[in-house]
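We begin with a single chain expressed as structure tokens, specifically the form predicted on its own.
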Amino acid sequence: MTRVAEHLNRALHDLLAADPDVHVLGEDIADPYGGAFKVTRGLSDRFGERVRSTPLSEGAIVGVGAGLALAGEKAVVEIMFADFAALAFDQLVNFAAKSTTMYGRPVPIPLVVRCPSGGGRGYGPTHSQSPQKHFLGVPGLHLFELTPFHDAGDLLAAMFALGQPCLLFEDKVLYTRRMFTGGVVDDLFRYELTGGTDGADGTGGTARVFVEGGGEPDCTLVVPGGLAHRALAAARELLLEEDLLCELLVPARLYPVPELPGLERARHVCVAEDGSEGGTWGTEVARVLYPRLWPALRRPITLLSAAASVIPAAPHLEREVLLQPDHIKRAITEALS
């Protein structure tokens, strides 16, 4: 059984071994520490100066990574906590993203910025956020999220193939979960990967999670990778307790929103995420889906997100703010009642 963090570490090892142009930068990523979540463990011992621990300046780290990419190299930058990506906003939005087109000709910027995100670990208001929504809609900037279904090596390949800067969000609780393999989630659910899984189209593909032989779903849940287990828990309870059948769609790329398969069959669509309510990824997904699904929709798309609040450190208060399986279950039950 391979944990997600171990799987990502192996993918980074394979990436650096296969491509001598790749550099990895970040705070405390070198051995023996190997990063706050040990995702970069063993890299500096094996690849030397291509893996560097940096000063504590997110703007400088991303600026150097983007500069390496602009000069023809490739860079993977680790932001220790996704909250701190705000400190690199200018470098991401006004330098990296614009550099692909502002020199009079297309210029590749192969840059991946890794952002450990999300709560559930009692880290408090400034180390627990899911700030994906703040980077939506930036021309030339792509958003991805790690999932337990997608091969991390394929995702890295997909991001570098774009030749444009990418943010990769990695839920911190997801690090501890096992990777799903062989199309099997558990005794009830199966999954398949659809579209672009080889990285060729730059989307990384979408995981479709379903009950084999279950028929047309009552609701299709669209969630990012960090919410997959909570959405699965809600879907299980809805099926066993309410006789409501749910499918899950878990895209690897969040923005631009990829083609999401099979939604025409759903009686209802629900988009759930860990970011705070207001100006969310879910509203962008709904904006993309409404023209496509309008003839088939029986009710508005349900949007679920964390509360409009700072995230408390106390676990019982944190659970009230962040989206939980019972929140998803209750919202879908009410929508279908």
Partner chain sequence: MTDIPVPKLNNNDSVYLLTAWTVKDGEAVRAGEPIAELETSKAVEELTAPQDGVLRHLLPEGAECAPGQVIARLGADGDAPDPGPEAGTGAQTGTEAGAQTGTGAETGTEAGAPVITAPARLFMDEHGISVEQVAALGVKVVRRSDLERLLPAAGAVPRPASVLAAAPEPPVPASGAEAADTETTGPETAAERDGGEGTGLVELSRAQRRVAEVVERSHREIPAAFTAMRVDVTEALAFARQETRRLRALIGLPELLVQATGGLLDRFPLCFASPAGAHRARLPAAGVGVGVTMDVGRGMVVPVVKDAGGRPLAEIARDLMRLRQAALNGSFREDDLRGGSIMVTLHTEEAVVTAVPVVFPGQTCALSLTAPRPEVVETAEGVFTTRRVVSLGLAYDHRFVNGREAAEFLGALRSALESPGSED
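All values reported here derive from a predicted model rather than from experimental measurement. Numbering follows the first chain given and starts at 1.
There is another form of the same protein, the form predicted together with its partner chain; it is not shown, and what comes next is about it.
For the three marked residues, R208, R265 and L293, no heavy atom of any sits within 4.5 Å of its partner chain in the predicted bound form. With the partner left out here, its partner chain still marks one of 155 to 163, 243 to 251, 93 to 101, 78 to 86 in the predicted bound form; by a 4.5 Å heavy atom cut-off that stretch is 243 to 251.
Taking non-hydrogen atoms only, L232 approaches its partner chain to within 4.5 angstroms in the predicted bound form.
The closest heavy atom approach of L143 to its partner chain in the predicted bound form falls outside 4.5 Å. Shown alone here, Y191 lies farther than 4.5 Å from its partner chain in the predicted bound form, counting heavy atoms only. The closest non-hydrogen atom of T176 lies within 4.5 Å of its partner chain in the predicted bound form. With contact defined as any non-hydrogen atom lying within 4.5 angstroms of its partner chain in the predicted bound form, R121 is the only contacting residue in 95 to 125.
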